[in-house]
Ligand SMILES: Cc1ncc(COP(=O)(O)O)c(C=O)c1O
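Next up: a single chain in structure tokens, the form predicted on its own.
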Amino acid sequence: MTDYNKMANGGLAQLKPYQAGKPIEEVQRELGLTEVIKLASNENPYGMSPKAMAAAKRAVENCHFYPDANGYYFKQALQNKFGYDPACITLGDGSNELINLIFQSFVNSSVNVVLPELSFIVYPMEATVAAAEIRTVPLKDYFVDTKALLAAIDDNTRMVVLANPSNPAGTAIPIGELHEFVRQVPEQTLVVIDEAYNEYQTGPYEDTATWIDECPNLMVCRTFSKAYGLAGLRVGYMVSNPEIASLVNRLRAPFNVNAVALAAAVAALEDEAHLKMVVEGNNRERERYEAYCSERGLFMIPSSANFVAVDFKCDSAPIYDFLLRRGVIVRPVKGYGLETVLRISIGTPEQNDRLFAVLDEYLKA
């Protein structure tokens, strides 16, 4: 009998399928619940911009045509808002596809990839498929240690990949430290910064994509799935130097971003008031999580994103199950070796009230 595992490329046979957060419908079906809230996948609980919704509905009327493969109007919108040269932009079906394309373009079995500990699970998955050596650098109090990352780089390091803010920890590298790190990485080593949660950061800010002229080995990936609320439509983009963009675009599938997503993304970029409301709402509720954990003696990893990671200092599986059976879906972090941690997406005030009430019920019991 044919062993198809032996036919698979690179390290594909070693992987387990990515496990997404449980959807609401599945929990309702399995547990017979009518009211369920999902705080597991870091989605935007406030929804997309009304302007984006209207643009998406208009775009549906022309869905018998293929979308613009080059995303002309989307790239123009990015240029108008941020000043990016369209030649530097690569479109993605969310930032996840861009990570996939980057690894396919540059990583192979002859090189190594440097990753911080607790990286987004997709990075080591992609490196494993490419059969590359993975060098994992420990965190420092849950923060990315940029000095240790630099020390792990050698002449055979093809790429350093990090998320800022990170996932699943939620911590962010201070912007000055990040800039200095990128400057010090040798030019022959690519630097990928995944900024899926970028809009939620507070404090001093610089647009990392503007560093590309100074640091041509830098690639910055962003998504509209989080703060912009387009998770179900799937649209993201990468900013890099034009030569890198040209190479990655050769692997990009034609029409990889659909017409509805492109129209919604253009409108979402224009609706700055909605984005401001989403970010301010999230940051107010994040402060409530900080206060809740402090009052109950729970350790919450400092977060700069739209989720928090809470270390209960005991097996979190019973807590996860208790919440689930009461209609609150959160995310275990056991896949990272953190059996005591639950990652909780920050919801609306009402959703967070529900989470706090159910968690209090467990803690008192």
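Residue numbers run from 1 along the displayed sequence. Since we're looking at a predicted model, the values are computed, not measured.
The same protein has a further form, the form predicted in complex with the ligand, not shown here; the description that follows concerns it.
Remark: of stretches 73 to 81, 171 to 179, 115 to 123, 242 to 250, the one touching the ligand in the model of the complex is 115 to 123 (heavy atom within 4.5 Å). This chain is drawn without the ligand; in the model of the complex, the residue among Thr146, Ser225, Thr208, Asn282 with a heavy atom within 4.5 Å of it is Ser225.
The partner is absent here, but in the model of the complex a heavy atom of Ile99, alone among Ala263, Ile99, Val257, Val191, sits within 4.5 Å of the ligand. At a distance of at most 4.5 angstroms from the ligand in the model of the complex, none of the three residues Phe106, Met159 and Asn217 contributes a non-hydrogen atom. The ligand in the model of the complex comes within 4.5 Å of no heavy atom belonging to Ala267. Using a 4.5 Å cutoff between non-hydrogen atoms, Val278 does not count as a contact of the ligand in the model of the complex. When contacts are judged by a 4.5 Å heavy atom cut-off, Arg135 does not count as touching the ligand in the model of the complex. By the criterion of a heavy atom within 4.5 Å, Tyr200 is excluded from the residues contacting the ligand in the model of the complex. Residues Gly94, Ser95, Asn96 are the ones in 67 to 97 with at least one heavy atom within 4.5 Å of the ligand in the model of the complex, listed in sequence order.
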